[in-house]
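First come two forms of one protein chain, each written alone as structure tokens, so that there is a structure 1 and a structure 2.
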Structure 1
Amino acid sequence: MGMFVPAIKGQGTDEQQKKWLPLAYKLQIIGCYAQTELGHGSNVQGLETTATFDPKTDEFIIHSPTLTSSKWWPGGLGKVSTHALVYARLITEGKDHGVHGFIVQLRSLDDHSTLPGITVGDIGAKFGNGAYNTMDNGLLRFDHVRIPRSQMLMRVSQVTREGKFIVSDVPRQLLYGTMVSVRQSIVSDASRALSRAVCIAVRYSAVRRQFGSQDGSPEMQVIDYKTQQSRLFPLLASAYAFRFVGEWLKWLYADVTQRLQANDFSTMAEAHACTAGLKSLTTSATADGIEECRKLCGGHGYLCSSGLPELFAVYVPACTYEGDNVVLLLQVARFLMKTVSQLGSGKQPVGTTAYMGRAQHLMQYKCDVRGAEDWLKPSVILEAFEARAFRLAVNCGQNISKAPGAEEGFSELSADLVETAVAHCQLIVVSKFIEKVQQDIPGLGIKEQLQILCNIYALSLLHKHVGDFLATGCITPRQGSLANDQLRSLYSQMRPNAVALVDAFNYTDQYLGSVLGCYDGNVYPKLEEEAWKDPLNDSVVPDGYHEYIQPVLKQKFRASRL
């Protein structure tokens, strides 16, 4: 349902959808998305699997010519799927027409045995205890497997009975529609995963007490230490920020889908750049954030019963699947460089790059901050982030133009381009958070708390990337210092409502799966209870005592045979 069905809906003809979608919806077939290969992940254009058309039989011959052309990683492939949407190089009349999608049956619908020419299995154990090992990731090889010509997805391009390759008016970018769909859902998943980790860490930080007692009074709550707040509260703000940008991304995808149905492909490129960039930004921040929450819970955070190690192991693959995060940022950078290069042509940037249309203003911009409280103004924050993102993009564009060739310049400046893409994506998240706060929000005090969260998110990013803001001349060192002063003040304002803000996620104890993050805060009895559940505690004298421990204690050593 996550990729097989959306791919058929996006790339299949009406006739193909009518045939395959009912079977998939009713689970009369189980499909997977077989794109990634052993030797090629993010480089889709480098896939090696071939689909050669045979006009004599009106069939495609699907073949894996090399070891590295083995499909590797598709979820649901190893033991479950009966069919796969296989991406392969289309070859007709001796010519390679690039990568296209083909529906291939892998297993019998009667006894689930593999069909002739198919080699399929599981790729083996992965990182973590249970974690992502519950996903049936598989490997797949084809040995001249024949399928009917009708099983090539033909909305974007077709192959005739005679073997002629025909390209339709539909842009090839539509092939990425499935990835756009999946990536927008990944952003929402990032908010959920980060908010789970933050909920555990905030609740435990409120229960845990350490140091600070000189007169026999209770020790200080860990959450009251500024060092804890400066690490924890930006993560709480990020969880909310990712939720709101995820909601906006769902709207964007729905809008793009509606346009596509009307054959309007004008927003497809921006949607691809947005989902790619935000997928990268949010998953990296979430994976790092979960690990930071584990550290914020001290030694107890390392216990499996804390829920954090398993959450991390389950989540961290998101930084790689559906596009490696660095590669995705480079795709965003290409989109930004193209946008910058067109500024002088009269073509006005739209959507998330609309700010680039104010090029002259942003290049001359000087931050209007005289006191720390000025950093609470949404317009001040937004313009600072816009100026930083735009100036980084312009600098990269200018430096690329000085290179002997555009591709050579892009390669040489790839590290700078990644930072530029990050700046653009952070601007999107900040702007959507600000838009959310400016809406009419019912409930006493809720708007004020969201405003605090929004400001913490933005100013913590400014603090983290202050070098960018200073190097591009967006702010002065004095203004950067004032932003830090305001950030410390915001932490103090958030502190009284920190627990309430994670309670608002409304996660049950069962869903959190953590003895540290239980709603009742009864941490220590639950820790002990979990400890006694360990099978090692089923016996007082451990297995192996008589063979190994007792001889040492009794000093009964045997002489070495050497």
Structure 2
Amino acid sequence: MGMFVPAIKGQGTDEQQKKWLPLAYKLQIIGCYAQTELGHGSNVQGLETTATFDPKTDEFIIHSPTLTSSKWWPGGLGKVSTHALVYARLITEGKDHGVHGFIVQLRSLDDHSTLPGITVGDIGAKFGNGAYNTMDNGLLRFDHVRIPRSQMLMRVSQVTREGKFIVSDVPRQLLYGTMVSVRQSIVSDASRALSRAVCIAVRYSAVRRQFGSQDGSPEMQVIDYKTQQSRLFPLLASAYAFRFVGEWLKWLYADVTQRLQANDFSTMAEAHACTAGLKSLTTSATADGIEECRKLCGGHGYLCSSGLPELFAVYVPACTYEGDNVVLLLQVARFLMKTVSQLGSGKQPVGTTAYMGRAQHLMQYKCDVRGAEDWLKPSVILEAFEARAFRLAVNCGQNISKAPGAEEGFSELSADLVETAVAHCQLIVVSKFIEKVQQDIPGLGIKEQLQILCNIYALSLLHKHVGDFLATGCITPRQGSLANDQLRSLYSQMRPNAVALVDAFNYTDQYLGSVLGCYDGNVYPKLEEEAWKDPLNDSVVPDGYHEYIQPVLKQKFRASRL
């Protein structure tokens, strides 16, 4: 626990941390980003640490008034950082001006001892064998620590020498730009993590054989079982889907940045909702997907040498950090409710909500699928997903309007709203995948494979959420059943190329770090090789034999229930 490299290289996911660390290096300090508190995570506005301006000395007094105001979780804080970018409530002239950033020195640059008024330490062991146990996530408390006024970050607002609080004219929306950037990188990370897990599970499923032996022939490869395909292939399709939506998000970020520079904030709210939703959707699906891949590898997936336990343990915090996934979906839902409520006002929805502009059409829509092959048409898939997302949103809007107040309604229906937000986000991923596949794609047969993946992604989601599609009258039970038939056929089409489709990720064995997923498929000798490396195997007779084992054998004591 407490390896230092991550803190030094700034492995954090937050954009501000990324900017702050090179600066810290230049200044010959080691810095971390200290926002989250013991009692305050998602609700940044609820942070308790205070930074009170003292005009007599031109200083801020940084203080932790309660136990729950202790900084808690910042990576690199516990044992390594000499400085922290601390988020605290600015208090000046007796007034609370909300949360702002302050640079605070924690440790001596000479001998690393903690400075007066600073209490800092590691928060202890975390999930998994390695994972974040190599990071010194820390806790931090301040007892009236004084820093010069110049150590407040003053781009957006300032405190004058006299203690006046001044808000600059830098547009607040700029902050959204940072969030869009951070979250688009999380979506790309999701694709990478899921594709690693899927690569392992697909390769091992082609090596592993179980049951189905006839007359001494080898058993069946488990990848040929429909149950295995129906769990594994949608995950493979998701890995590709998240990659393409991640690429598109890069474009979106560039677009947003350009507009910001031109003081055009018209797409900002939509872009923010879109990235928040996609962060939530892709990280949840990836965390669940990695664990599913682990289970798809059977018992051996439980071994660390499979690489999957650590991949899960190191990935799963992505569902919580940079915005809890459920909280983010509620933000998306709030934006959708606003969009729906403004439809009558003539305000045209933009970007990923543009489809809502075709309100009348989507309400009247009836799916015209008659045979399983109709489900291969991109327009059919797209319209079904659009109608489902839109009708769910409209239903929620109507139900909210029945409540005594909009807020009560929103709160009461929040579980439904989360499902609506998911439907909207799935539509985005499906539509970006379809757009991708409609482009020119070089390479013989590549486009056809991507088409199969795209259809598997969409139809497996449709199958999983068929209740939504049926309940909103978008499709009939018969059409749902046809989609399922088509899905089975797509699995069969995909099977011959499944291994090639994970080889295409081009991960080295070293990067994959999995005996089960090795490129040459030589799984069993490698499993054994790894086993013998276990320190327990250094001696034939284990340590503790004389103390614990021999007495049992000689019945020197009775086996107890301990």
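Residue numbering: sequential along structure 1, first residue numbered 1. Superpose the two forms; the largest set of C-alphas matching within 1.5 Å is the rigid core. Please read all numbers here as calculations on a predicted model, not as lab measurements.
- Structures 1 and 2, same chain in two forms; the form predicted together with a further copy of the same chain is found in structure 2.
- After superposition on the rigid core, the Cα atom of Ser113 is displaced by 2 Å or more between structure 1 and structure 2.
- With the core held fixed between structure 1 and structure 2, Asp136 has its Cα displaced by at least 2 Å.
- Remark: with the core as the superposition reference, the CA shift of Pro65 between structure 1 and structure 2 reaches 2 Å or more.
- Core-based superposition between structure 1 and structure 2 puts the Cα shift at Lys95 at 3.7 Å.
- Superposed on the rigid core, the forms differ at Thr82: its CA is offset by 4.4 Å between structure 1 and structure 2.
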